[in-house]
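Next up: just one chain, as structure tokens, the form predicted on its own.
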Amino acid sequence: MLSLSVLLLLPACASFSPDGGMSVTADIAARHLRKDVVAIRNDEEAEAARAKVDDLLKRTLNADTAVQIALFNNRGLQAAYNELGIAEAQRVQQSLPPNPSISISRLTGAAEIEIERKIAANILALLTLPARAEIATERFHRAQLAAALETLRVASDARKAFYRAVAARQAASLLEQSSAASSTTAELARRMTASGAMNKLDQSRQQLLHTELTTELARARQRATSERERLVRALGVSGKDLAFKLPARLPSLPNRPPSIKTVEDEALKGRVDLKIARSELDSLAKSYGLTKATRFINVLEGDFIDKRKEERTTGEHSHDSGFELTLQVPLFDFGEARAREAEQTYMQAVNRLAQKAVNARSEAREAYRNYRTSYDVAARYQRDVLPLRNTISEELMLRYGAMQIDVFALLTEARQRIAANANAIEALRDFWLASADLQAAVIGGAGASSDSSSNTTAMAGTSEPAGH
């Protein structure tokens, strides 16, 4: 009866959310990425996601469409959403009262038959159920943030893989054009040498340039293939989807870089991994309090007993009922070890949160400095280096036509012009990669999920009251 009375005072059991707990992830993806996310749980949702991916793959990709395809199509991300579903199931399970145990025994003697029925319930588990349900809710909220963090990580990886793939393709295209031009020039030089209009030394220099460019072209094509495969893995595509189209060039530099004066504050307020660490701290604080409150009790069970006796000879019977309370005597275990463990786990989370905050501020500052430096370098190539290199090439051609310089100077300039264009492509690629890194430093998504998951696992056993 005591157990039933306690049961009536308990709050209502939790239920599954209609969206499977995806609201937090969807909100963060919409606010920071302006993208949609979906946890595929049935054939209809899979077909809808497939249709959207097919539509996006028909177009030439850009960074935003690449991110959206990855969010719809990446199976690793779907596995993270499955983890969220598991966490919600555990939350609902933790909100349920413990199942009572029922036992029936029948003893037969020479004179009588005795039948005993017993219903037992874990009173300690019932008393601590609200606290355990609240802790499970905190864990579920942390799982929601972890799913959002994984979403940001997949988006960041896809965006960076896109920029790398386009840059590698653009560099290979530059070398293809340069190699084709040098092939024509080398053939012309060979013919001029055969007719006596060019000496063997200049013809050999021309041939050497063509050979070097051909070698560099082979390497550039290999890099382009590798970067495209990295993008394939980020998008999660296969089969006929591998024929997706990439743009020929990287996006242009913005006219001016956005000024982020409060990048550190933005990181402290917006980083999802910091929110996870704060949630873990709150959950551990409640778990620590629960452990302290129950440290002297390992077992507390209440039993309702009903016993019936029947005389074999006379057929008379008697009926007895009553209660039994089981309490484990804390003779050897005063709960000190459990309390110490909970305290140290809590302090571990405090120190981890403090270290994460320091790291977040530092990473934000570093990412912003890298972002600004990358912008300045790329802008310097676009505004100064490439125009000056074109001017030098034009002036050298004029001097070569006036026979003021030899072909060696032209070849040297050709090498430097090709190198300058290749460096300009790399500088522009580095800027866009730095832009993605800055976003990850401010909102998260750069590899903190493994820490959070391990911490969640480590604290999983601390909030359960003993004896349950």
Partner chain sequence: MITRRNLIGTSAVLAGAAAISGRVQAASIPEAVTTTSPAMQPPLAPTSGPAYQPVVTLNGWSLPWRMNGEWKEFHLVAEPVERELAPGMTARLWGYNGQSPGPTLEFVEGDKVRIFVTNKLPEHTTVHWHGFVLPNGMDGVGGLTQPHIKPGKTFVYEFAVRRSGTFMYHPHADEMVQMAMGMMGFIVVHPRDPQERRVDRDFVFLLSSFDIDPGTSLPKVMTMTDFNLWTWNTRVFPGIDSLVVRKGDRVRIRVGNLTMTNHPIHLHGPHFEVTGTDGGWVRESARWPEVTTDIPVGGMRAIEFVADEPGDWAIHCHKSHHTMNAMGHDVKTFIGTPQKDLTAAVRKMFPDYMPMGTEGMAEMGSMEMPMPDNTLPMMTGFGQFGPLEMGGMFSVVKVREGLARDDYNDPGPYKHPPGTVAYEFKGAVPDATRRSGVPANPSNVELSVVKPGPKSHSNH
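These numbers were taken from a predicted model, which means no experiment stands behind them. Numbering follows the first chain given and starts at 1. C-alpha atoms forming the largest set that superposes within 1.5 Å between two forms make up the rigid core.
Below: the form predicted together with its partner chain, not depicted.
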Which of 414 to 422, 34 to 42, 54 to 62, 432 to 440 lies within 4.5 Å of its partner chain in the predicted bound form, heavy atoms considered? The stretch 414 to 422
- prompt: Is Ala243 close enough to touch its partner chain in the predicted bound form, meaning at least one heavy atom pair within 4.5 Å?
  reply: no
- Message: When the contact criterion is heavy atoms within 4.5 Å, does Ala197 count as touching its partner chain in the predicted bound form?
- Response: yes
Answer with yes or no whether Asn82 is in contact with its partner chain in the predicted bound form, where contact means some heavy atom within 4.5 Å.
no
If you check in the predicted bound form, is Leu208 within 4.5 Å of its partner chain, heavy atoms only? no
The one residue among Gln177, Gln355, Ser204, Gln382 placing a heavy atom within 4.5 Å of its partner chain in the predicted bound form is Gln177
From Leu398, Ala285, Leu327, Val232: within 4.5 Å of its partner chain in the predicted bound form by heavy atoms is Leu398
Within 166 to 190, the residues having any heavy atom within 4.5 Å of its partner chain in the predicted bound form are Gln177, Ala181, Thr184, Glu187, Leu188
Query raised in the report: Can a Cα shift of no less than 2 Å be assigned to Ala79 between the shown form and the other one, given superposition on the rigid core?
Result: no
_Superposing on the rigid core, I want to see if Ala197 changes position between the shown form and the other one - specifically a Cα shift of 2 Å or more._
yes
**Asked** On a core-based superposition, does Thr391 travel 2 Å or more at its Cα between the shown form and the other one?
**Response** yes
